[in-house]
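Starting off, we have a lone chain in the form predicted alone, written out as structure tokens.
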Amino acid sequence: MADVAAVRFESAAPTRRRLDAARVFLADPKALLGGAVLAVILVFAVFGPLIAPYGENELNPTESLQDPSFSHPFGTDRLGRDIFSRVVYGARTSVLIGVTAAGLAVLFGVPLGILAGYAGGIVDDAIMRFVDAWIAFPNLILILAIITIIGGGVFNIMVAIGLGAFPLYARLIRGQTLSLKEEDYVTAARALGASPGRIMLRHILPNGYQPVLVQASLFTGVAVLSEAGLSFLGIGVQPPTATWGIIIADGFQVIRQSPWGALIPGIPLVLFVMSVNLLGDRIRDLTDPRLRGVVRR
């Protein structure tokens, strides 16, 4: 019986630790607000087809430019499409682009930064000069050039935005690596014969990922804003696919006749960026050793 109780206690311990971590994370009211807003947006993004009362591109020309009403909570656009339904469908695409672009930026930048910081010498110089040259190009022009080369489409927009931001993560993790590779536990692992790859993956990355995680959470909102800006200019995701940027661009064409189509779709965009920034600030507070004992736990 004692053995069974011990097994039950051990199996419950990870769950208890996760609950405690969630409680600490959400102890800050701003993080709680950001988490709640983000959770609602994610629900709309995941279950959009079940929530939206109309199809993504369901046309009804006889009801074009309708004001918000019970049947159309956000009104209709110039083609008679329900704006609320398009905002719900657009949440999936916009959030997917933001999260994936941030992930790709990390995927491209982190390996380069760790390799440069750990190897040093000519390898470090070559990688960082390449990163510096990449940063020298204005981000918008760089993204436009990448889109011109690889074409449009949702996936290509993700790649373009991610490639435009990867140098930031390379610089962040390189700085962490330069510090961590001098730590005693890394020296001990090297003395025991651990390979450079194992040291970078098992010792440096787990101890140096915190600033990368914070920046990735913040960049997710920036990536969504970048997609919205590109779509607004007509060089991002192309219609009839619904994204928040495309919906705003459609509404802007008739903003004098019906301002709802341009103003209302901007609300979830602002809320999403606000929520990920609040959560990113909380992650920074909890992972920055300089703030330990200062933040609310």
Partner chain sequence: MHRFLIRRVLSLIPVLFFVSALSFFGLELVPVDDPIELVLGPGAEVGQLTDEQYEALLKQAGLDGPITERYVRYLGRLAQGDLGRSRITRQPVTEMFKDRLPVTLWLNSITFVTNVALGVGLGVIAGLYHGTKIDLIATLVAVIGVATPGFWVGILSIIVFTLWLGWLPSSGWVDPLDDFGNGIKHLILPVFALGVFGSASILRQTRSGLIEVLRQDYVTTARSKGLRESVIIRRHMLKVALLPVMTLLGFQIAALLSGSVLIERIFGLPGIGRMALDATQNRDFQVVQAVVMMSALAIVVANLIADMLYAWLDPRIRYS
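Please read all numbers here as calculations on a predicted model, not as lab measurements. Residue numbers count along the first chain shown, from 1.
Below, we turn to the form predicted in complex with the partner chain, even though it does not appear here.
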| item | value |
| --- | --- |
| The partner chain in the predicted complex reached by all of 112, 209 and 214, non-hydrogen atom within 4.5 Å | no |
| Interface residue in the predicted complex among 43, 235, 27, 36, criterion: non-hydrogen atom within 4.5 angstroms of the partner chain | 235 |
| One residue of 194, 201, 135, 107 in contact with the partner chain, assessed in the predicted complex (non-hydrogen atom, 4.5 angstroms) | 135 |
| Stretch in contact, per heavy atom within 4.5 angstroms of the partner chain in the predicted complex, of 201-209, 123-131, 184-192, 87-95 | 123-131 |
| Heavy atom of residue 55 within 4.5 Å of the partner chain in the predicted complex | no |
| The partner chain contact at residue 172 in the predicted complex, heavy atom, 4.5 Å | no |
| Any non-hydrogen atom of residue 179 within 4.5 angstroms of the partner chain in the predicted complex | no |
| In the predicted complex, residue 119 touching the partner chain (heavy atom, 4.5 Å) | no |
| Residues in 236-271 close to the partner chain in the predicted complex, defined by a heavy atom within 4.5 Å, in order | 248, 252, 255, 256, 259, 262, 263, 266, 267, 269, 270 |
